[in-house]
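One chain follows as structure tokens, the form predicted on its own.
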């Protein structure tokens, strides 16, 4: 199964929610649509799930949807049945299909093992952690063999320490079951970690849709780049001060060059064009602020030996 979203737009009263959204999802692909809260991500997800209809455009599935292979959406509040145990929640979809009890038990047991929920089989949702509730919700979705899995803010209720672990788990689960998956989220780090491709939804439109690396290091606009994290804007007149970064044959431009802090490399030089104005230890790297004339540039480096006040040269390195 694969799907295509084509020119989808949605309005409520006189307010445009999303406009002219188009992208594809491959048969075994995990795609994340990221954007700030209130940008229309959940509206888009509901349209893909056939829970809402677009004003214009359409969602095209490569195969007809059916009760046997539906589109399943897992909402951020999980929507577990509070009066049912974990095993009954997981097996609910099979019971609704009137499957034989023995088959339900066998399939539920396999799911509980895979999702590491065997110990919680007889517990109720109120007794579970947020991470366990999410695994129950995804297990309940996966057990019915969905055609497409949709995740609405999958990290919203998780502690920071659980988010990356959950992103890896979602990725491994999606690959194991081979189900095309769309996640909408504003958690960027986790989206980068688990996605084959990422769409950036800003100002009602999908601004860029590409691989995580391409979206991050080659953003199509300043707005997209700044949404995804810190970025240095290097004016034309400064490019000659960045070693190896200016092609003499290239025409001049009034648009600044965008470079992530990870793209800048420092070398100490008593005659360097920059001076280290500040440094901060940030765990995995050190954050340097380098002053060149009236501009300050941010550099991430794993080398902590540079001192504040030192003269340095900067070089832009492509990723």
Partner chain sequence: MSWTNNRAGRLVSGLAPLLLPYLVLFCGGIMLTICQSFGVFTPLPHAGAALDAYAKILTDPAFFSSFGFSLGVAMVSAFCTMAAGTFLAYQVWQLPAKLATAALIYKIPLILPHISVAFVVLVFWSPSGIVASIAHSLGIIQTMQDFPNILYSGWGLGMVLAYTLKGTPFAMLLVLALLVRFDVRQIQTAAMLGASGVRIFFSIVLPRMAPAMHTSFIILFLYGFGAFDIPFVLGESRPGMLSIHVYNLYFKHDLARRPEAMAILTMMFFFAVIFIIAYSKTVQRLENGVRKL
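Keep in mind that this is a model prediction, so the values were computed, not measured. Positions refer to the first chain, counted from 1.
Not on display, but discussed next: the form predicted together with the partner chain.
Peer 1: Quick one: of 116, 240, 175, 127, which gets a non-hydrogen atom within 4.5 angstroms of the partner chain in the predicted bound form?
Peer 2: Looking at 116, 240, 175, 127 one by one, just 127 meets the 4.5 Å heavy-atom criterion.
Peer 1: Just one of 109, 210, 77, 203 has a heavy atom within 4.5 Å of the partner chain in the predicted bound form. Which one?
Peer 2: Filtering the options by heavy-atom distance leaves 77.
Peer 1: Using a 4.5 Å heavy atom cut-off, are 71, 84 and 140 all in contact with the partner chain in the predicted bound form?
Peer 2: Affirmative, all three are within 4.5 Å.
Peer 1: Among 210-218, 155-163, 91-99, 230-238, which stretch sits within 4.5 Å of the partner chain in the predicted bound form, heavy atoms only?
Peer 2: So the stretch in question is 91-99.
Peer 1: Report yes if any heavy atom of residue 67 sits within 4.5 Å of a heavy atom of the partner chain in the predicted bound form; otherwise report no.
Peer 2: Yes, residue 67 sits close enough to the partner chain in the predicted bound form that at least one of its heavy atoms falls within 4.5 Å.
Peer 1: Can residue 60 be called a contact residue for the partner chain in the predicted bound form at 4.5 Å between heavy atoms?
Peer 2: Flag for residue 60 set to no.
Peer 1: Might residue 51 be said to contact the partner chain in the predicted bound form, defining contact as any heavy atom within 4.5 Å?
Peer 2: Yes, residue 51 sits close enough to the partner chain in the predicted bound form that at least one of its heavy atoms falls within 4.5 Å.
Peer 1: Looking in the predicted bound form, any heavy atom of residue 188 within 4.5 Å of the partner chain?
Peer 2: Judged by the heavy-atom cut-off of 4.5 Å, residue 188 is well away from the partner chain in the predicted bound form.
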